[in-house]
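Just the one chain here, laid out as structure tokens, in the form predicted on its own.
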Amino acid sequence: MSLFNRKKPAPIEPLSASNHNLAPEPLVALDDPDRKSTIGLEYMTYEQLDEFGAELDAVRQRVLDDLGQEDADYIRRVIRLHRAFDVLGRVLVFCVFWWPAVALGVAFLGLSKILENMEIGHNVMHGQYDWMNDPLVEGARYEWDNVAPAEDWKHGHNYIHHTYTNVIGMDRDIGYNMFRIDEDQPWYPSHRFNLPLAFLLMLLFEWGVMYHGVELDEYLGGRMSKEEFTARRKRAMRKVARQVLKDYVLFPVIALVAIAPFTTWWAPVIVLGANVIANIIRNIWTFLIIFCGHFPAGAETFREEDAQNESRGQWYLRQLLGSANISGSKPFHVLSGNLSHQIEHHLFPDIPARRYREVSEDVKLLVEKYGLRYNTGRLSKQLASVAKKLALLGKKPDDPYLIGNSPESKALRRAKREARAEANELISA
């Protein structure tokens, strides 16, 4: 059913989201449940960490208790805006006889895709609007305009990334198995190309996200069954076929049949190119927002053994220290899906992102209270920081233990694998 023909939804009752609870759980060590995590001890005591966690839980619950009609109206307005941009953009790119109209159409189509991926798709699939009981914004059903299947993206992002944020060896988003983005990551010769590979990924970001979700490395490393890998690959191929058919076949064919006979036989090529450019615009924007929120200077990483058995307060602190914000105007925040408030998103991934600006004031007060660091800056500053880090970490280190294919590094990783296997045997016993 078209959004424009939908009946007006029933009003949302106040406090209807009070029992909503989709926040990730802290990391637990089953082999040693009595060992305490060391996360954050350089900043505060265990008692202060518990207090810190309780205060942030209170902030989150206050927002959940306040969710209602304004939040529902907001996301529906954004969806209407996205669809209006999409229709306007597709109509204008069919005006192949007038280049300014085509250029404007590409701009509207790119904006539509940015809104859908960032403020709608990403946030809806986090379950931020499940409390509305509206199939249009139900996280379990939503499938975004992207070649990456929602099911695999949600597992890799909502569960893996948001539970094990910046934990080396567990958070697969650290470097995306492509870049060396942290000093504790082993260096390989391919990392010499950190910057050019980052530029290529920026242009093809949705395809990188799709490939990342297939988790080929997990399958080749023996950590995923053949059945699971085959299922992921088939989902990815079906989604790719659907997106390619929509953007690169359907609309060019329409242009060939309906426009070309009356204008120019170049019409389908122009429409095809417009769709390619719109997707590239979305890919570039998404890449910039995500990389500048995760990898600028000051974003910390953590060891698995330090994070195990962390308290709720330690989990919150890990999210705070491992993320970075991007300052900007209100339209900038909307176009970023409010992921310009990356710190608040990692603290509260299940509350509507439009609330992040509001709760950032509470977060800043707690940062000041406990003497912590709040990493924020303009997009240009954060981007320059990311580029500098990629360039520096792409250089071959002097320490042989940091060189992935050195005997020392291989021996160290082998020892860690054996220790983990022994721990798993103890758990099984």
Partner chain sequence: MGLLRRTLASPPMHRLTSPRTPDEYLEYLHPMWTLEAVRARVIDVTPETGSASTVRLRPNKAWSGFMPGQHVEFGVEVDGTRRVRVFSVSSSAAGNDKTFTVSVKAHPDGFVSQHLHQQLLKPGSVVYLSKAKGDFVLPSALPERITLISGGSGITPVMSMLRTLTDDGHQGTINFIHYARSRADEMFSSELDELATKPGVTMTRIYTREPALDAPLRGRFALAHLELIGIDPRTSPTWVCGPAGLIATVRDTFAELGASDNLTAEYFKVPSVDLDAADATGTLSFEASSIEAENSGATILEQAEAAGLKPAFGCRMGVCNTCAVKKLNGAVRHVISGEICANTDETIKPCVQIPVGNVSVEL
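Numbering follows the first chain given and starts at 1. Just so you know, these numbers come straight off a predicted model, no measurement behind them.
Only in words, not in the display: the form predicted in complex with its partner chain, which the text now covers.
Is the gap between residue 312 and its partner chain in the predicted bound form 4.5 Å or less for some heavy atom pair? Judged by the heavy-atom cut-off of 4.5 Å, residue 312 is in contact with its partner chain in the predicted bound form.
Are any of the heavy atoms in residue 69 no more than 4.5 Å from a heavy atom of its partner chain in the predicted bound form? Residue-level check for residue 69: yes, a contact with its partner chain.
Distance check, residue 127 to its partner chain in the predicted bound form, heavy atom within 4.5 Å: Within the cut-off, so yes.
How about residue 159 - does it come within 4.5 Å of its partner chain in the predicted bound form, if we only consider non-hydrogen atoms? Taking the distances in the predicted bound form, the answer for residue 159 is yes, it comes within 4.5 Å of its partner chain.
State the residue from 306, 228, 183, 134 whose non-hydrogen atoms include one within 4.5 Å of its partner chain in the predicted bound form. Contact residue from the list: 134.
Residue (of 250, 197, 236, 284) lying close to its partner chain in the predicted bound form, criterion heavy atoms within 4.5 Å: Exactly one residue meets the criterion: 250.
Can you pick the stretch from 69-77, 198-206, 288-296, 320-328 whose heavy atoms fall within 4.5 Å of its partner chain in the predicted bound form? Looking at the other structure, the answer is 69-77.
Which residues within 33-60 place at least one heavy atom within 4.5 Å of its partner chain in the predicted bound form? 57, 60, in sequence order.
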